[in-house]
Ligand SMILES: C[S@@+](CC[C@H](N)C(=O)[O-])C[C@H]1O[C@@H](n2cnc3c(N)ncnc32)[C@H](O)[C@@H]1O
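Shown next as structure tokens: one chain only, the form predicted on its own.
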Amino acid sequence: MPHLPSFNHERLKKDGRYLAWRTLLERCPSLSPGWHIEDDRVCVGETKDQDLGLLTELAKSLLPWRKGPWSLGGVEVDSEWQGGMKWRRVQPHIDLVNQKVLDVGAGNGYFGWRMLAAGAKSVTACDPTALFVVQHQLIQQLAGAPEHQMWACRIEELPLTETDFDVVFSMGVLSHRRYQQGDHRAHLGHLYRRLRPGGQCVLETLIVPDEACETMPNHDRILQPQSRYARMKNVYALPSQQTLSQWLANTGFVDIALVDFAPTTVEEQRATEWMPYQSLVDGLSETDQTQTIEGYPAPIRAIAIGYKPPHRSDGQKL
């Protein structure tokens, strides 16, 4: 595998904050490495009391913490998302023992640690957001786990050497792909091509229920927000259940199943001192929390499973 720190350094230098972040990381105390899961928290590093103040300062310098929760050398980071709630919806449908895993749009890599704890042999993550990659670098310094690596890029920029994964995850990415430009199809195609024949794709995304689409003029039954969705300006298309399954089939996946549907609640996604900005509650109607403030159905997330056929190596019908 190429030298990831060098690759990341070149990519992250494009963010004007990166050199300051690197200086912060160099101040990270030298702790006894290690990690484990406890009450949904990923706990990394063993610290001494005198290091808690410095670690707190470092972690606070990397706000906001979207995914988690974490215990960073004893510093409790209550992230915006309670990742354990999503993981409990995903885990019954996968078997990661001794699997080579790709986590696309991984944020700071929280779910990668859950994957390793579930038996994955290795986790390769990718995310283009500099802040999240630097958060991962801090976590890696404390954990010392080379089997969880992160690339500072989108999946389409991932080096071609990174392929033949047993399981590919895309959680919370698809709705942020520009629908009119066909980026949703391209994203699914990239997931398909990174899998070995017979490999499994785990896709988690915003949807609209089929019954909410009955009056939509679009025969594909896709909700395309006019400007924002629950205050988010980068949500471009929410497919119906039927449309999502069709997208996966058109890509080439087989044995497709939508295995879980769950409304996003204000218990799962909320503002905290570690993410002190607007969150889900600010995007919902004050009088009807089944609606966004724009009048759309409130967020519902589906988990879809699909497989690459055992004897096919290239995506079709993209």
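Here the structure is a predicted model, which is why all the values come from computation and not from measurement. Start at 1 with the first residue shown and count on from there.
We do not show the form predicted in complex with the named molecule, though everything after this point is about it.
Novice: May I ask whether 184, 247 and 250 all come within 4.5 angstroms of the named molecule in the predicted bound form, judged by heavy atoms?
Specialist: No, because 184, 247 and 250 lack any heavy atom that approaches the named molecule to within 4.5 Å in the predicted bound form.
Novice: Counting any heavy atom within 4.5 Å as contact, can you tell me which stretch out of 235-243, 140-148, 195-203, 171-179 lines the named molecule in the predicted bound form?
Specialist: Looking at the partner contacts, the answer comes out as 171-179.
Novice: Does the 4.5 Å heavy atom contact test between residue 119 and the named molecule in the predicted bound form come out positive?
Specialist: Contact with the named molecule, no.
Novice: Can you tell me whether residue 156 touches the named molecule? I mean in the predicted bound form, with a 4.5 angstroms heavy atom cut-off.
Specialist: Yes - in the predicted bound form, heavy atoms of residue 156 and the named molecule come within 4.5 Å of each other.
Novice: Answer yes if any heavy atom of residue 80 is within 4.5 Å of a heavy atom of the named molecule in the predicted bound form; otherwise answer no.
Specialist: So residue 80 does not count as contacting the named molecule.
Novice: Considering non-hydrogen atoms and a 4.5 Å limit, does the named molecule approach residue 221 in the predicted bound form?
Specialist: Residue 221 lies outside the contact set for the named molecule.
Novice: So which of 208, 134, 167, 126 gets a non-hydrogen atom within 4.5 Å of the named molecule in the predicted bound form?
Specialist: Exactly one residue meets the criterion: 126.
Novice: For 87-109: residues with a non-hydrogen atom within 4.5 angstroms of the named molecule in the predicted bound form?
Specialist: Stretch hits, in order: 104, 105, 106, 107.
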